[in-house]
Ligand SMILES: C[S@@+](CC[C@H](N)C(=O)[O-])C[C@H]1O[C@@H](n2cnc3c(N)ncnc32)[C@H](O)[C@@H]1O
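A single chain comes next, written as structure tokens; it is the form predicted alone.
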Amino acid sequence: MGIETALYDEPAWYDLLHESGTKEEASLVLDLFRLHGNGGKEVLEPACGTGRLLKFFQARGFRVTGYDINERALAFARKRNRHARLIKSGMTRFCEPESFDLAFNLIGTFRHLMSDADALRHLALTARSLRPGGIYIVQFDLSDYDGQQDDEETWDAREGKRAIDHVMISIAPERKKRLEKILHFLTLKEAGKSKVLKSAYDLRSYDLPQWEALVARSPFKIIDAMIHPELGPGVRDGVFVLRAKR
């Protein structure tokens, strides 16, 4: 049967599931900041979750700040990042004017903003939070409504006596509704015992014209973009570097 739970309420398991990609993800952000940034040292991660990416930047001499609405994730992040600023807040609320040189939002977290109004508010607050020359790096999957299909991904992770097997199902969005349903099925194994967790939520979908139109209405402009070949039928990974239009 399994247990219904929010994946984000299981930060230790969430962290184990994503840890293997941390260095690659954070290194890309750092490379783009070195290419396009202002050389500053203040880093912000909206919706920082377990803080795994902040740890990478802190270890390289950056001063890091993260915010998230999930108390369990923040508690986990505080244990691993003792010198980080970690704040309970949401993507449509946080703003510290001209305080940061780099902000980043990876692995589709931006798509938890479920309306243009919320997305534009978040972009406006983040733009205000950046110093002159600062950049905001956003990564998420781009949809092709004519070609996208339901998809299933599987991967696993191991650490000592702990293991997790993960199946993620994505239900293709419709152009009009722009809702992509995500289903997670996780088998957690520890100390000879196992349990299955289930988690489900919706994400807002974007094709490239929808995303470009949104940014055009925001205080940002796109100064660089990396759009990778198809990850699955009708889906491409997009990484976008944004700078305020000042």
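For clarity, every value in this text was computed on a predicted model and none was experimentally measured. Sequential numbering from 1, following the sequence displayed.
Beyond the structure shown, there is the form predicted together with the ligand, which is absent from this document and is the topic of what follows.
Colleague: Heavy atoms within 4.5 Å of the ligand in the predicted bound form: which stretch in 66 to 74, 214 to 222, 36 to 44, 188 to 196 meets that?
Modeller: Only one stretch passes the 4.5 Å heavy-atom test: 66 to 74.
Colleague: Of the options 107, 120, 95, 157, which one has a non-hydrogen atom that comes within 4.5 Å of the ligand in the predicted bound form?
Modeller: Selected option: 107.
Colleague: For the spot marked by 14, 53 and 112, is every residue within 4.5 Å of the ligand in the predicted bound form through some heavy atom?
Modeller: Yes: 14, 53 and 112 each sit within 4.5 Å of the ligand in the predicted bound form.
Colleague: So in the predicted bound form, does any heavy atom of residue 170 sit within 4.5 Å of the ligand?
Modeller: Result no; residue 170 lies far from the ligand in the predicted bound form.
Colleague: Is residue 91 one of the residues lying within 4.5 Å of the ligand in the predicted bound form, judged by heavy atom distances?
Modeller: Within the cut-off, so yes.
Colleague: Could you confirm whether residue 48 comes within 4.5 Å of the ligand in the predicted bound form, counting heavy atoms only?
Modeller: Although the ligand is absent here, residue 48 would touch it in the predicted bound form, with heavy atoms inside 4.5 Å.
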